[in-house]
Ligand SMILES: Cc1cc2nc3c(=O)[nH]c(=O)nc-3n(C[C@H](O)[C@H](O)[C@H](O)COP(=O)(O)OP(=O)(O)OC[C@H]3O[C@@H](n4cnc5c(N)ncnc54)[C@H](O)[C@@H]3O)c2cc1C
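Next up is one chain by itself, shown in structure tokens, the form predicted on its own.
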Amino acid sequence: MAYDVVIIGAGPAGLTAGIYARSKMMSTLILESGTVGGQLVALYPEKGIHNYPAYENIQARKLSDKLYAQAESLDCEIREHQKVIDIIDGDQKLIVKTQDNEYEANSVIIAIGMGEFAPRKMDAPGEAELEGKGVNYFLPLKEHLVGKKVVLFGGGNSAIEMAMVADTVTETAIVHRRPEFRADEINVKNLNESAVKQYMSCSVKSFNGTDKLTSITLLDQDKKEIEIPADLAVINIGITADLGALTRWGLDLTENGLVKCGFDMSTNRHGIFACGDVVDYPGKYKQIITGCGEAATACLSAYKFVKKPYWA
């Protein structure tokens, strides 16, 4: 059986592409190398998302669950732990090869986000030794934070939003190496109005403790040491991504190593489209809603490619 469209990636963009594909009654398969949800679930499941339309605030995991449920309700076939190794031009079809299967597709939509990724580390003394013993790269469930002194590291939206989640249940601080945050103004405003303690223009000298984290030593802009007690440090300073698959799949890339697309989200390969964080173009704003919008366009383009409606 050849699917009308095979979607690679089950984050928000991939799930949205699946939802739109099924609205066009295209037979749809979504392949995910890990588990459904992408970065929403892997990196910050507890984070509150306040800029996704129709939700004043929704937990990242819950948003992922809603997208997943909608895709399943429309009979998207979703297979987890299927890492795509190659996409081959077959006899009038595309062959999508995973580690243990091959799937025929009339079209393909690539929505792999930042590919295989891992949280970026600070490489500070004590960080490696205390990883999992108080040093984390994601925020645990809120009920696991109660009574702990929590310190967030980072200056973007995710770090601030995690700090705001922690602040609802426990004593919280945030550390940023610059004098200003790079997050959205509304997030900074909310942070300034919260009880979260801010340490700006500070770097980490060391994470301290033996069997568990007990404190963190910071250096301020004058190189003065500041020691703060901590039971949990959550480091959110970005990710390191592996997008080597894009080269293997024969796609044209931008100077940033991401997929180069046309206005209709088409790639240089016939029948292959892309959307979400894996796509790059001038003025690209990496947001969930952006990826979902690109997914709708990619799906419509795949539909035109496969079904060739009279109006296209």
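Throughout, we count residues from 1 along the sequence that is shown. Small disclaimer: the values here were computed from a predicted structure and weren't measured.
One more form of this protein should be noted, the form predicted together with this ligand, which is absent from this view; the next part is about it.
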- Task: Would you check whether this ligand, in the model of the complex, lies within 4.5 angstroms of a non-hydrogen atom from each of 9, 111 and 117?
- Result: yes
- Query: Of these, 59, 287, 266, 254, which has a heavy atom no more than 4.5 Å from this ligand in the model of the complex?
  - Reply: 287
- Task: Using the partner position in the model of the complex, report whether residue 46 sits within 4.5 Å of this ligand, counting heavy atoms only.
- Result: no
- Message: in the model of the complex, is there a heavy atom of this ligand that lies within 4.5 Å of any heavy atom of residue 94, even though the partner is absent here?
- Response: no
- Item | Touches this ligand in the model of the complex: residue 258 (any heavy atom, 4.5 Å) | no
- Is residue 68 close enough to this ligand in the model of the complex to count, meaning some heavy atom within 4.5 Å? no
- Message: So if I measure heavy atom distances to this ligand in the model of the complex, which of the stretches 101 to 109, 208 to 216, 189 to 197, 80 to 88 falls within 4.5 Å?
- Response: 80 to 88
